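Single chain ahead, written as structure tokens, the form predicted alone.
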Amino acid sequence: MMATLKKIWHWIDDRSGITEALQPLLKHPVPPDARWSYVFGSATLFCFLLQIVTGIGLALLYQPSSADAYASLNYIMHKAPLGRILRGIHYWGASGMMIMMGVHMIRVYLTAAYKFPREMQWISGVFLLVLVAAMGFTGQVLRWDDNGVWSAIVAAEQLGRFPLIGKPLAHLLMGGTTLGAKSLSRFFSYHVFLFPGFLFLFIGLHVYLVIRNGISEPPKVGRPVDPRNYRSWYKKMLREKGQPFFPFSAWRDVVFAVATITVIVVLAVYPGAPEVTRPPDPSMLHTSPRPDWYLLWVFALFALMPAQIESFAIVIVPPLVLFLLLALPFIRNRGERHPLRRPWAIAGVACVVTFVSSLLYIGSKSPWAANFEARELPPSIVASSLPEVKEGSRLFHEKACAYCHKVKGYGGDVGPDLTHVARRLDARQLRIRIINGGHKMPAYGSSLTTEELRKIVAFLKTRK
């Protein structure tokens, strides 16, 4: 049997040239000191392959139509065999890919591996980062729940602020001037065909450049990069000390990739992917879309930004950041690479990590946004047997008061905490405030009946 299989393999290999094609990849020499800090690039690639496999599985069950998308995702989550785990792997795989790519780029920046002759490797990596972020955003929209739909609307509104090209870009994104039936198929095409195609193209370019220019050697103090003699020095170093990528370095990549995928699968089982929110309703204006965690810092940044500079920041900051990232290897492509000789690089990374981490924390709390996932107050909090107080508590949640106001830890943070509101306001003042509204609070006089108003006030009067 084994002899037969070997003959079949030799025939396939002879006709296809698989071994001949893989030899340059497996046998290309790498610096002898390329250790565990070099595994994050390959881990990103493994996460991408995992996304392709799980994405194909999800696409077989997903219905990319505005009428059926929400229901099909609920079917995947709750009825399809292993559907919840499949979506969980895809969801956490996206997070893993963003983390690995971020750590990989930080490592490359700190060790100045973008210097000569690897400028194009850095540039292709920047484009890969943009494409991965775009994949994450379009994947969120494909959930086609209230959060996904409004995320698409917000993105189109921000694109529309760019002068001259803004409106055409927004039209291209949405498939029209407004959100409609074409929008979902447009985002599906972006997520499944367009962006993955570009990802394959840039990944292929990135891997080719790694093989052509070689893996950057670990930096040493006092060994600067000089474009005049670096290539000859690097080739001589590889001839004298280099080791074949397989198996000397490949085993670390495989071990770390297996550990990464194992963590992703465990997270897919518990806690799993987040549930979809409410069905989409573009007529519902009281909503606050939130991106997935790896884009949450951008959401927090623009939420905290003064309104008068928001348009300017949207138009100027993203292109400026992209320009600086692309220009980095041209600003200084020679000189010292060791972080100890580049303290500004360490300080810059520390500032960026602190800045983004702070925004992620603030964005997770979203104190400026209503909490649309606020639960109805439990009986232990209501603590009353009076029917009108119980009904008032129910109406407090049903009429969205709990989205902005907190009572004993339940509710939102936009409005004042009402846990002890009866100590500050009497029944008459409560009625006036509810009917007329206030700062950031809509007037409920036209949306509440007299009986509903009486019951809500009866409930609030017990908050002493």
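Under this definition, the rigid core comprises the largest set of C-alpha atoms superposing within 1.5 Å between the forms. Model, not experiment: these values are computed from the prediction. The numbering used is simple: start at 1 and walk along the sequence shown.
Heads up, the form predicted in complex with heme C isn't pictured, but that's what we're talking about next.
>> Please determine whether each residue of Leu425, Ile434 and Ile456 possesses a non-hydrogen atom within 4.5 angstroms of heme C in the model of the complex.
In response: Yes, each of Leu425, Ile434 and Ile456 comes within 4.5 Å of heme C in the model of the complex.
>> Taking heme C as it sits in the model of the complex, is Lys399 in contact with it (heavy atom to heavy atom, 4.5 Å or less)?
In response: Within the cut-off, so yes.
> Is there a non-hydrogen atom of Pro442 within 4.5 angstroms of a non-hydrogen atom of heme C in the model of the complex?
Replying inline: Pro442 belongs to the contact set for heme C.
>> Residue-level question: is Pro416 within 4.5 Å of heme C in the model of the complex, judged on heavy atoms?
In response: Looking in the model of the complex, residue contacts with heme C include Pro416, since a heavy atom lies within 4.5 Å.
> Would Leu58 count as touching heme C in the model of the complex under a 4.5 Å heavy atom rule?
Replying inline: Judged by the heavy-atom cut-off of 4.5 Å, Leu58 is well away from heme C in the model of the complex.
> Looking at Cys404, Val30, Ala43, Val407, which is the one with a non-hydrogen atom within 4.5 Å of heme C in the model of the complex?
Replying inline: Answer to the contact question: Cys404.
>> Please identify the residue among Cys47, Ala69, Val39, Leu430 with any heavy atom within 4.5 Å of heme C in the model of the complex.
In response: Of Cys47, Ala69, Val39, Leu430, the residue with a heavy atom within 4.5 Å of heme C in the model of the complex is Leu430.
> Can you pick the stretch from 417-425, 61-69, 31-39, 47-55 whose heavy atoms fall within 4.5 Å of heme C in the model of the complex?
Replying inline: This holds for exactly one stretch, 417-425.
>> Once the core is aligned, does Pro442 move its Cα by at least 2 Å between this form and the one not shown?
In response: Comparing forms between this form and the one not shown, the Pro442 CA shifts at least 2 Å.
>> Does Ala69 move appreciably between this form and the one not shown, meaning a CA displacement of 2 Å or more on the superposed rigid core?
In response: Shift of 2 Å or more: no.
> Honestly, after the rigid core fit, is Gly392 moving at least 2 Å at Cα between this form and the one not shown?
Replying inline: Superposed on the core, Gly392 moves its C-alpha 2 Å or more between this form and the one not shown.
> Given that the CA-CA distance for Lys440 and Val298 shifts by 3 Å or more in the model of the complex, does it become closer or farther?
Replying inline: Pair moves closer in the model of the complex.
> Since the CA distance of Pro271 and Val407 differs by 3 Å or more in the model of the complex, is it closer or farther than in the form displayed?
Replying inline: Residues separate in the model of the complex, at least 3 Å farther apart.
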